[in-house]
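A lone chain, given as structure tokens: the form predicted alone.
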């Protein structure tokens, strides 16, 4: 579904990600993990079209997207749930969702709205409420729902669990599993590495903008030193 070849990207004269190679299989959940500043969010923002490609290529299926405008990438099946949600806080839940489907015919918007509210019934209960008044978990559900309104083939999720209560994190990951079961491809950036490894099929570890390790999530789960070595999860032994 997603093939990135020797991608370097960044802001102005600053290159943040260096010659990234990344393959995400159709229908899989691929976790992108690493310490703060490793280039995870920059990678997602570049795929979505918000950060400059300096060299390399981004392919979705047989289509090359690295020179395609952002709005056209949405039409071709790429949707981003950004870090911090970035909702329109003074608009209602319904309005935020409908904005996500702006490029689609009205009948698609109605169908997709029903789908999102079935997946996240809590949003249906708050459909007329301004999004700025929602809890953090509800806002994350709304951000995911807004992205789903565009009928994506590839869903880019940046920091899904950041700032959320455990129950809300669980609900969001249940939704991801449902989306995967329906055939959606998901690229997930997540600080909560244990949560990411429990949900993902494959993992890429970024360190200072380069690939430090790639492999299956199962392999990373079995050998925790793989992740510990790169993102500092090693714990000191307890003392009495």
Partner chain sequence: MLYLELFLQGLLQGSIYALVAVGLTLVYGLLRILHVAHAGLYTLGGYFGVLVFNSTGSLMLSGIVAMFGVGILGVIIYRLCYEAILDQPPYVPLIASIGLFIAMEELYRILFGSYGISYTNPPLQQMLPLGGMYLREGEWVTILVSIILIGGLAWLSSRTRLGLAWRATVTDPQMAESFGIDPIRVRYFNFFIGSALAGTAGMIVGILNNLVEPTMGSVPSYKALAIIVLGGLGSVRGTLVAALMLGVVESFGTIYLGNVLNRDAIAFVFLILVLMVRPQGMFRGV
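Note that the structure is predicted; figures quoted are calculated from it, not measured. Residue numbers count along the first chain shown, from 1.
Beyond the structure shown, there is the form predicted in complex with the partner chain, which is absent from this document and is the topic of what follows.
S.K.: Quick check for you: of 70 to 78, 112 to 120, 164 to 172, 132 to 140, which stretch puts a non-hydrogen atom within 4.5 Å of the partner chain in the predicted bound form?
M.R.: Looking at the partner contacts, the answer comes out as 70 to 78.
S.K.: What is the one choice in 45, 184, 58, 31 with a heavy atom within 4.5 Å of the partner chain in the predicted bound form?
M.R.: None of the other options qualify; the answer is 45.
S.K.: Please determine whether residue 86 contacts the partner chain in the predicted bound form, using a 4.5 Å cut-off between heavy atoms.
M.R.: Contact with the partner chain, yes.
S.K.: Residue 154 near the partner chain in the predicted bound form, any heavy atom under 4.5 Å?
M.R.: Although the partner chain is absent here, residue 154 would stay clear of it in the predicted bound form, with no heavy atoms inside 4.5 Å.
S.K.: Going by a heavy atom distance of 4.5 Å, is residue 103 a contact of the partner chain in the predicted bound form?
M.R.: Heavy-atom contact with the partner chain at 4.5 Å: present for residue 103.
S.K.: Quick check on residue 82: any heavy atom within 4.5 Å of the partner chain in the predicted bound form?
M.R.: Contact check for residue 82: yes, within 4.5 Å of the partner chain in the predicted bound form.
S.K.: Note that the partner chain is not shown here; using its position in the predicted bound form, name the residues of 134 to 160 with a heavy atom within 4.5 Å of it, in sequence order.
M.R.: Sequence-ordered list: 146, 147.
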